[in-house]
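Consider the single chain below, provided in structure tokens and representing the form predicted alone.
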């Protein structure tokens, strides 16, 4: 029982308070505090970038640029949202820029050059395990190829919302905050993206 009027701090609250203290220390120029922030979020940032861009090279570029921007702009963080949301907003904006550039260059070609010539990318994907059912493997490759094609038909923002919702499992409200828009706008964007995906998958749905 608290008999001295002190505030009881629960473990979850303590974690939030510890992070806030770390952020404030980093804002004052404490390099060790900044490195703790990077260590806390580096894997989730890299995973998000990989899921959104489907390219390890682009994902590492975004990963590095994201933390450079955090370092440059941390003084501007005012705790009006969670640090997680603020960081993800930086990452998603960088990913959007990459996707827009790729859109111009015909993003993510579904073909790959091999020693025997140009073949469909899905045809050279490795089997998930030895002895896989050939028919099942073919079906899986066809579905992945259709999904890749469907992602290409989406605008960068539609793809971003679709990936954040279905691959990251984020709520539409959080997605809207990260993209600087409303929950309703994110919902409408997801609807358009889902319609495109269903149309592309056709008989597979």
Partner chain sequence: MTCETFRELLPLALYGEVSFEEEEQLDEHAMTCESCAEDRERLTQIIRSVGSEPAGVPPGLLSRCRRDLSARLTADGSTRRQPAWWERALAALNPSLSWIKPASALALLSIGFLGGRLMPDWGSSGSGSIDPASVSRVRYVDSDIPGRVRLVVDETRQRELTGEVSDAGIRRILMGALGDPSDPGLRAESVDLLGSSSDNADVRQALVNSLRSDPNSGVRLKALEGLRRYAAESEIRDALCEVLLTDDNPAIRAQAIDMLVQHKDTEIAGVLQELVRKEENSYIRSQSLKALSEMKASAGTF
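Residue numbers count along the first chain shown, from 1. Everything numeric here is computed off the predicted structure, so don't read it as measured data.
What follows is about the form predicted in complex with its partner chain, which we do not show.
In the model of the complex, the one of 145, 179, 50, 33 near its partner chain [non-hydrogen atom within 4.5 angstroms]: Of the listed residues, the single hit is 50.
Looking at its partner chain in the model of the complex, do all three of 72, 167 and 190 come within 4.5 Å of it through at least one heavy atom? All of them do, each having a heavy atom within 4.5 Å of the partner.
Answer for residue 64 alone: is it within 4.5 Å of its partner chain in the model of the complex, judged on heavy atom distances? Contact check for residue 64: yes, within 4.5 Å of its partner chain in the model of the complex.
How about residue 194 - does it come within 4.5 Å of its partner chain in the model of the complex, if we only consider non-hydrogen atoms? Answer yes; at least one heavy atom of residue 194 falls within 4.5 Å of its partner chain in the model of the complex.
Residue 153, heavy atom within 4.5 angstroms of its partner chain in the model of the complex: Outside the cut-off, so no.
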